[in-house]
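Before any questions on binding or motion, here is one chain by itself as C-alpha cells, the form predicted alone.
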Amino acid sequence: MDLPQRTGITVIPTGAALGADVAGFDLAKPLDAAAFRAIEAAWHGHLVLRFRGQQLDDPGLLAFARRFGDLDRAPVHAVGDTDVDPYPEITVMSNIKVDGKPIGNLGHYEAEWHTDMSYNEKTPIGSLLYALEVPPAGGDTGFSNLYRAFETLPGELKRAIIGKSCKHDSSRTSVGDLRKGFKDVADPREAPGAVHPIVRTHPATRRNALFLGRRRNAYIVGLPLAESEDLLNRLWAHASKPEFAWYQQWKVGDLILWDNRCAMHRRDAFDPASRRLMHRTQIQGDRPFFDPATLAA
C-alpha cells in the first residue's frame, strides 16, 4: 500500500506475522517530516521494516537513526573496542579478522532469540542493522512478534505472568560469550541485570507484548527457582513458535529497522570462511512499563 500524504513511499507487508518492505525512498537523501511520520507509522504497524538497495555511509546511517531519537553508545562486548572510535554509536557486527584480531562482535555463531540490551534499566526502543557484506548462505536474521505471542497465550499462562517481573542477565552476549568485566554465575537469582515487567505496554500503540530479553540466567522475581524456570520455559516455548516469526535473508544494501519493545530476534550461524559485515545502531528508550488499564475488562 502507498503511505499517506503523497510521500511516494510504498509499504509491502511480508505476509508473515510481522515485517514489511519500504520502497520508493533513498535514505541517503533528506527525509521530510511527512515521509518520516509515514515511515514511523508503518514501523509501529509492522514492527520490522526493510529498506533494500540503500547506499549509506556511517554518517548517513546515524542521521536516519537520529530521526527516531537519541542514540545509545555501543554496549560492552566480549571483544575489546578500539581506543579511538569516530562513531561510538555504531556497533560493528562481523566475523572478519584483520591481523588475527576480530574487527567486530558475535562472529559467525548462532545468536539465540533475544531482545537488545534488555539487561539495562532503560532499554532501546529500536535497532537498525545495515548490511555491507553478506555470506552466500546462512546468517539470516529471524524476528518474532511478541504482541501476538502475548495475545495467544493460554489463559492460565497469561494470568500467571500479569504483574510479575523478570531479571535480565547482563553478563553474557546473545551468543553466550561472557562480557568483559563480568563474572560467571551458575544461579540465575545471582545474575546481574535490570528487572522489568514480563508483560510490557508499548507507549505509542498501547498494545501489550511479552518482554523476555534472553533465556539464559533469566529469573522471575519472587518465585522459587524451579517455578521460575518452569514458567520461563513455557513462555519461551510459546514465543519462539514459527507462526510468530519472519526471517530476513540479507542482501548488500539492506537496512532493517525493528521495534525492540515488541519484537525479539535471532541469527542463524554461517560458514566462518565467509565474510559478514554489518553496522548496527540503537535508539535510546526509557524504562519498560506495564499499564493494567490496557487489559480488556
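In case it trips you up, residue 1 is the first one in the sequence shown, and so on. Note that the structure is predicted; figures quoted are calculated from it, not measured.
Note that the form predicted together with a small molecule isn't included here; everything after this is about it.
Using a 4.5 Å cut-off to the small molecule in the predicted bound form, each of Met93, Leu106 and Trp258 places a heavy atom inside that distance.
For the residues Thr201, Asn217, Thr173, Thr141, the 4.5 Å heavy atom test against the small molecule in the predicted bound form is passed only by Thr141. Distance criterion of 4.5 Å from any heavy atom to the small molecule in the predicted bound form singles out Leu129 from the list Leu129, Ala194, Leu71, Ala160.
Heavy atoms within 4.5 Å of the small molecule in the predicted bound form are found in exactly one of 182-190, 109-117, 152-160, 220-228, that being 109-117. The small molecule is not shown here, but in the predicted bound form it comes within 4.5 Å of a heavy atom of Trp250. When the small molecule is considered in the predicted bound form, His46 lies well away from it, no heavy atom lying within 4.5 Å.
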